[in-house]
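Below, in C-alpha cells: the form predicted alone, a single chain.
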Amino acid sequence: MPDYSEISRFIALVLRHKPQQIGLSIDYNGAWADVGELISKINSHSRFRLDMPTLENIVATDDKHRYSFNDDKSKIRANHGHSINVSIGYVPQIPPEILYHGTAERFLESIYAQGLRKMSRLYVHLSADVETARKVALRHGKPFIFKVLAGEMSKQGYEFYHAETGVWLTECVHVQFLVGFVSLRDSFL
C-alpha cells in the first residue's frame, strides 16, 4: 500500500491553515472545499498528484481522522485544527467530568502561567482518554498529561464541542481547571 502521509499532511495544511497556497476556496460555514477544485489545485500548484481514489483512501485510512466528505463526496473538510476563520457548526455539548490534554514538558511553565490556550488554532483540543492524550503528547517531545476538570468548567459556563473524531474542543482551559497533572512516568489512574 502506498504511503500517502506526505500528501495527507499537505491536504491538512491547505484545508486547515493555508488554502491560499494553492488558491483553494473554503466555505466559512462548515469549512467545506469542493473536491474537484481541491484535486485540480493540488495537481496544478504542488508537486503532488491527486485523484479521487487516492483522496478517498487518504480520508478512509487517516489514523487521526482529519477529514470528512459530505454525503455525495463532492465536498471535503478538515474536521478540526483550523487556524483560518471557519465555522464547523458544532453544537455545544456537556463534556465528561474529566478530559485529558497531552503536551510536552517544555511547555509546562507557560501552561502553569496561562493555562491551555488555543494558540493559532480555533480551539484547545482535549481527549476523552489518557491513551489518546499520550499519543498527542509524544508528537511534541517529552510527554506530559494534564487532567482537565471539564465538568466543572461546563458548570461554570464554558462551552465544549465534540467533534465526530472524538476530540473535545473548547476555547481555553484556565489553570484552576488543571488538576491531577502528571508525567507519564507517574501512575495516575
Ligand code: HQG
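Residue positions are given as counts along the sequence shown, with the first one as 1. Computed from a prediction, not measured in an experiment: that's the story for all the values here.
Just so it is clear, the following notes concern the form predicted in complex with the ligand, a form of the same protein that is not shown.
**Student:** State yes or no: in the predicted bound form, is some non-hydrogen atom of G115 no more than 4.5 angstroms from a non-hydrogen atom of the ligand?
**Tutor:** Judged by the heavy-atom cut-off of 4.5 Å, G115 is in contact with the ligand in the predicted bound form.
**Student:** Give a yes/no on whether S110 approaches the ligand to within 4.5 Å in the predicted bound form, heavy atoms considered.
**Tutor:** Yes.
**Student:** Would V136 show up as a contact with the ligand in the predicted bound form if we use heavy atoms at 4.5 Å?
**Tutor:** Taking the distances in the predicted bound form, the answer for V136 is yes, it comes within 4.5 Å of the ligand.
**Student:** Would you classify R121 as touching the ligand in the predicted bound form, given a 4.5 Å non-hydrogen atom cut-off?
**Tutor:** Judged by the heavy-atom cut-off of 4.5 Å, R121 is in contact with the ligand in the predicted bound form.
**Student:** Go through 31 to 39, 52 to 60, 121 to 129, 147 to 155 and give me the stretch that gets within 4.5 Å of the ligand in the predicted bound form, heavy atoms only.
**Tutor:** It is the stretch 121 to 129.
**Student:** Just to make sure I understand: among 151 to 173, which residues lie within 4.5 Å of the ligand in the predicted bound form, judging by heavy atoms?
**Tutor:** Only a single residue, V167, comes within 4.5 Å of the partner.
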